[in-house]
Ligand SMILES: Nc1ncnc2c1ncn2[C@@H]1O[C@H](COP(=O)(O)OP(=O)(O)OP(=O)(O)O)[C@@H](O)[C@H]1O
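Listed next as structure tokens is one chain, alone, in the form predicted on its own.
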Amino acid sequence: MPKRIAAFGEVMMRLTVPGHDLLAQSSMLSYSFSGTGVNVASALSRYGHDGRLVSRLPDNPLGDAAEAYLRKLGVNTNRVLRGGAYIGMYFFENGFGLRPGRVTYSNRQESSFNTAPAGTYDFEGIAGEVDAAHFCGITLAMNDTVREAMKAFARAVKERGGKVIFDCNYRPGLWGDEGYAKAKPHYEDMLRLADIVFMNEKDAIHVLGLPTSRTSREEQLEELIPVVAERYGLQAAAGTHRSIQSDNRHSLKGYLFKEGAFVYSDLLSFPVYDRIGAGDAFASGIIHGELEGLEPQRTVAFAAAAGMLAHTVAGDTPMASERDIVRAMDQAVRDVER
């Protein structure tokens, strides 16, 4: 049965350098609008749910363009407010060979979303309309006003019996010096409210400060994620391990920890057209499976295939339908390393 899921987060303007040019080389840019909340709400709407965004856009033609783009993505914009003058932007340069892709942010703290004063949103009313709400660590990194709004919204959802979904999404550049120490109390607040969490062993080690003597990533994951789940009372935890080859191919393996047991997807190997937004595609697949009550193995396989397909299209936002993903799952044998 379709669910109503709200995503709380900033709408950003992505300005992409054509081809594989550097920003310093090109005189042209193409633009689109995205953000973690946008990507999740859009993907879930493609799976048949009501994916709605809770955000604030500037009250000017730039805000008009952004809202029109959101509607084109299938995002419910009834809870997108207007106010302020700016939108956060980032410039994206495609990597090639040994040169990685690069993101340069601009106008983040001055954006309409990040300058919204306390009391801007009707969190009580929104919480009464939805079955679940999605939050991410990128939003948590912005400023104290945004952090308090995020926690207030999560509490309102929790109190009304909805599911709270938190993607750790730690970005060192957003937290600054001594970022892990700054982030830890806020992450703990969100983990205590969360039902479904996206994280891996790196988040447990660096953000939460959990010790481990294990050396391999999978061993660390299987030691630490159950500790986090028990400590914070999580219903489920999920995430991915990724490796990058020199020929522009990536390998991706997803995990889901639920009811005391791990399940993994197959290791998928594929060429990459556009890297940005693949984590949001994986997260949306897990959310869909959890809200629809799919078996854990089916859920993680669906999410991994969604993440794989997100690498095949330009732009941040996942474009695959549920049918596309199921087809990729059925045909993925040629892309699986066994």
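Everything quoted here is computed from the prediction, not taken from an experiment. Residue numbers here begin at 1 and follow the sequence given.
Keep in mind the form predicted together with this ligand is missing from the figure; the text below concerns it.
What stretch, of 196-204, 264-272, 119-127, 154-162, brings heavy atoms to within 4.5 Å of this ligand in the predicted complex?
Checking each option against the 4.5 Å cut-off leaves 196-204.
May I ask you to choose, among Thr77, Gln220, Ser106, Asn169, the residue with a heavy atom within 4.5 Å of this ligand in the predicted complex?
Going through each option in turn, the one that passes is Asn169.
Though only this chain appears here, would Lys258 touch this ligand in the predicted complex if you measure heavy atom gaps against 4.5 Å?
The answer is no: Lys258 has no heavy atom within 4.5 Å of this ligand.
Given that this ligand is not shown alongside this chain, does Thr240 nevertheless sit within 4.5 Å of it in the predicted complex, heavy atom to heavy atom?
Thr240: contacts this ligand in the predicted complex.
Does Ala278 reach this ligand in the predicted complex if we count a contact as any heavy atom within 4.5 Å?
Within the cut-off, so yes.
With the cut-off set at 4.5 Å between non-hydrogen atoms, does Tyr180 touch this ligand in the predicted complex?
Tyr180: yes, in contact with this ligand in the predicted complex.
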